[in-house]
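Two forms, one protein chain; structure tokens for each follow separately as structure 1 and structure 2.
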Structure 1
Amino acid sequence: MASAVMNMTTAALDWVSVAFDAPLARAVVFGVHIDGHLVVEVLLVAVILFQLTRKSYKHPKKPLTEKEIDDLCEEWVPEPLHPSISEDMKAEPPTLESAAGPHTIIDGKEVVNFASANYLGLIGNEKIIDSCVSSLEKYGVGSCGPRGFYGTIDVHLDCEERIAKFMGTPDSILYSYGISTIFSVIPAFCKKGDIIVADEGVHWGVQNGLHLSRSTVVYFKHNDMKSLENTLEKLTRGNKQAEKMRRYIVVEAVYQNSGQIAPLDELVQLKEKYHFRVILDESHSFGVLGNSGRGLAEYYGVPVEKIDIITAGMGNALATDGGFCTGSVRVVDHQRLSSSGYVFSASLPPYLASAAISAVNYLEDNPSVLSSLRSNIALLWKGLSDVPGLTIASHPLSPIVFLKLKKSTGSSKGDLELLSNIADRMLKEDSVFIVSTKRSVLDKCRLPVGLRLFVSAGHSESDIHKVSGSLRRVAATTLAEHL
């Protein structure tokens, strides 16, 4: 086979040489005999040169003509700004006609209010209102400027000092809105390339902060310290790079999505073992947990210095508005120039700052409110222990009593409908105001939905009996109808 090919090749070559030799065999140019192969070579060079002069082929990259762009613009049809409005989007919340205290007025009827996080019963407190009035008369309502530009009023500084003193931290910083506190604090400390380990059950404010920080975010199972340890181990083991990055653990003290309490003692051990800093959101535990209401650290007996950054909204136990972040001087001063919610926003209205000061004073003077709050929570637990179809999912000390369905309908939307139904009927039939958890489509939290009851120190025993009785009755009928 091979020889046959060889033979054919030689034959072809011979033929070519003969063919070229024939006419030009005797041609002599400048004393050089022109052989056939020379002709071929010259031809080859000529072809190469010809090819070289040609432009190499490129994919024709025609920019769009004006006309085409016009057409494209003409053709483009944007989606509407909002999806079509379905019936469930039209639900209107009840409108309160009086202060949101333990009893409030809705539609002209007095109802028992378990929807306001007025844990210490400070709504309607005379002392606080008096301090607000004098502040309003002196400073007006708004501060009309960000903190940097004459929006710092002396009560802000007093309030910062008061909170730091109460918490036993070196310094603190006020924010003008509860939810903006955490989502400004996280990006102020965590930047691109840093590592954040966060609980998967954190609320939207924290999620937004994590997103805005552009750090690498790793979630661990909700309130599961084993899962946290695994995550930390995985992140740090053999990772030399990790030592140079800033590392943070972000948790909530009392999870507003589930009523669970973070086990701070274990968390601090883990944090020290793996050299992580902790950012703790105490919105629902500040003024509630601990013997004197100083929050989660006091409850677990952990020195407050071990927690690097503590944030809290003041719209719950303190019954005012705004938020604060407290920690070391370094932590606080850093925020004064690099926390966007602090720098770029008008400061807290001064009357709310004075309300916060008086609220903290009140708490310090009357620690008994905490025990009445706790006894109310315990009482409610007892009352709700045998509600048909529902089970308590929150921590026994959490001021948010969180009830979830024993048997889910299969979708969280279905669950939510059922639970809102229960809440609506309780309000209508028994004048008891409780709420179901609402979820925004932007919220990434996937914990089960439920009913939330915000217990207050201001609730009386009869209020608690009323809500548990009503819930038992309505849940039984509603769930029976549903099945």
Structure 2
Amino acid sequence: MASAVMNMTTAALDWVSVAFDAPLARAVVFGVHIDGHLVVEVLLVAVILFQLTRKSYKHPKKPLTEKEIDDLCEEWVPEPLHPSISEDMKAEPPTLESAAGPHTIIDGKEVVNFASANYLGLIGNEKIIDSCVSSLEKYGVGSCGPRGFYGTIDVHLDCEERIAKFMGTPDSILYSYGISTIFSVIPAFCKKGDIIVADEGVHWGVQNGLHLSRSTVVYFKHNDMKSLENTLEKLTRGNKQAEKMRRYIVVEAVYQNSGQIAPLDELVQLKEKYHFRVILDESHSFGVLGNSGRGLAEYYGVPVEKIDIITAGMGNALATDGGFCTGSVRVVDHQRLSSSGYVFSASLPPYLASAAISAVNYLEDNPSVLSSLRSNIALLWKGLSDVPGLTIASHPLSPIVFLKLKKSTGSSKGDLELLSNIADRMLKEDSVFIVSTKRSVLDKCRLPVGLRLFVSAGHSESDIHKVSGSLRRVAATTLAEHL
């Protein structure tokens, strides 16, 4: 088609040239021979210049009438601010009417609480309450400013020093909100062009940090060191460009979505073999694992300096709020200027920092609380070993006892409906409060849903027997048709 048009154009130009060549065959201007071709080219240039310089034609604007404007406004439908909300999204969780201790009040009724991560049973501890009262009287409630803008109070520095001393690290830094710690720390160090290898089971806070970093993120199978090694091998083998990139492995010590414990000894070996850095979230292991509650490194006997960055929320074992990151002085100092959760958030209320110091002191002075916690975990494992239709998927030392369906319905939504029904019935019929792993639309975790029971050192044997008996009875009737 294009060649045909070109041929026609060439033929037309030749015809015009011939037509002009006859009368102008002998025309010479200023020594230049004027032929038909030159005349045609000059005319074309003139037409092009005319078209470029002329004003474009615009259709005269006719203002809309009031009726036309009203009709357009009635027809206009704005884009929704949020996706459609289903009925299961409207479900309201139970509201606690007292402290979230081993026993709490819901709808005016006392219930046994296995839904709060009060691992050391420190909610309601008198020494911690006294430290909070003293701090409130001295500092008031809030700090009214970020740490870098007159929001640093001496108790913040005391708390950072206390945590660093307890963990055996050179320095630490406090954050105002537990979950913001990990998703501020990751993008503070990981940038666009970096490589992050992360466990597929990490919780939403870690996922958000990975997203905010804009790094290249590669996931490995949950808690599978062989899968991690294969992933590291593929990324580094023969890749000279990867050697110049910053490379990280991001894992949780105790996974919130499964209750599994990361094999830190193997992970450190892989880190050193492939020259990666490790970012470890210890929100559910700090104050729980190890002989003195110092976390995963103590549990495995790995020197803490082999872990590049450690983060943890203080809203679990320490029964306060906020979070911290600990490591080398350079790691901590970098965050004071580059971590959004630290730089732009009002600092941790002073009384919460005082509570964290008191909680760490309590843990150090009362190591027997860890024995109580482990005894309760073992007793609960024994009681849940034969629950119809459910199986324990968590680690035997994890304070999160995680149960999943032996036989899935085929969809996460169907599984969650069954599990939520079990949790609801246990609360209504037996006054036992447990939770299912409800996930928001933002949570991209790839692991199966399940029931989570948070064990506390404050639970009694009768509490353990009650939740075990209730779960066996309710699961047997609820899952009867599904078994």
Partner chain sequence: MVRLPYLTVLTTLFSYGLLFAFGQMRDFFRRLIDWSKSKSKDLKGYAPICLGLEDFYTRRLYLRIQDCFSRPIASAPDAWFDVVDRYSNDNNKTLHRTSNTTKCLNLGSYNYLGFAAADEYCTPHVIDSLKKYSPSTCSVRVDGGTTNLHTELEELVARFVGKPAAILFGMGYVTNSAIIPALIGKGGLIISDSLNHNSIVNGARGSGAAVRVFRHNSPSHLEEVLREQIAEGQPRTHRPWKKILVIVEGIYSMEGDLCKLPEIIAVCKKYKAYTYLDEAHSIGAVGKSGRGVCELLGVDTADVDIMMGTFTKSFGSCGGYIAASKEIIQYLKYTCPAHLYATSISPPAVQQVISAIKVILGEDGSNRGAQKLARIRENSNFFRSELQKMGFEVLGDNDSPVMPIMLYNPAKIPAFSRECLRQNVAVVTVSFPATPLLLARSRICISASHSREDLVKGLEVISKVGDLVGIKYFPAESPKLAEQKKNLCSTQLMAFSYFEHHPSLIDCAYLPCMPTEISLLPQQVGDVTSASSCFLHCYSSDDDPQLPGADAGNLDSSDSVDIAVLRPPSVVDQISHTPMVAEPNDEKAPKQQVSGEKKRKINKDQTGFVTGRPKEGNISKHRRPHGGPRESNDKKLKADDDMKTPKPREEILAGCIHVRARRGEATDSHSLAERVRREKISERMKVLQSLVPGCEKVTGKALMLDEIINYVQSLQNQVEFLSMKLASLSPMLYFDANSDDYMNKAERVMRSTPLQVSYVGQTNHLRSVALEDGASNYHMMGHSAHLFLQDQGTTSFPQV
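Predicted model only: the values in this text are computed from it and were never measured. Residue numbering: sequential along structure 1, first residue numbered 1. Rigid core (definition): largest C-alpha set, two forms, superposition within 1.5 Å.
Eyeball the pair and call it: which is the form predicted alone? Answer is structure 2, the other one does not fit.
For Glu68, does the CA position differ by 2 Å or more between structures 1 and 2 when the superposition is done on the rigid core? Indeed, Glu68 is displaced by 2 Å or more.
Please check if His82 moves between structures 1 and 2, taking a CA shift of 2 Å or more relative to the superposed core as movement. Where the cores coincide, His82 still shows a C-alpha shift between structures 1 and 2 that is 2 Å or more.
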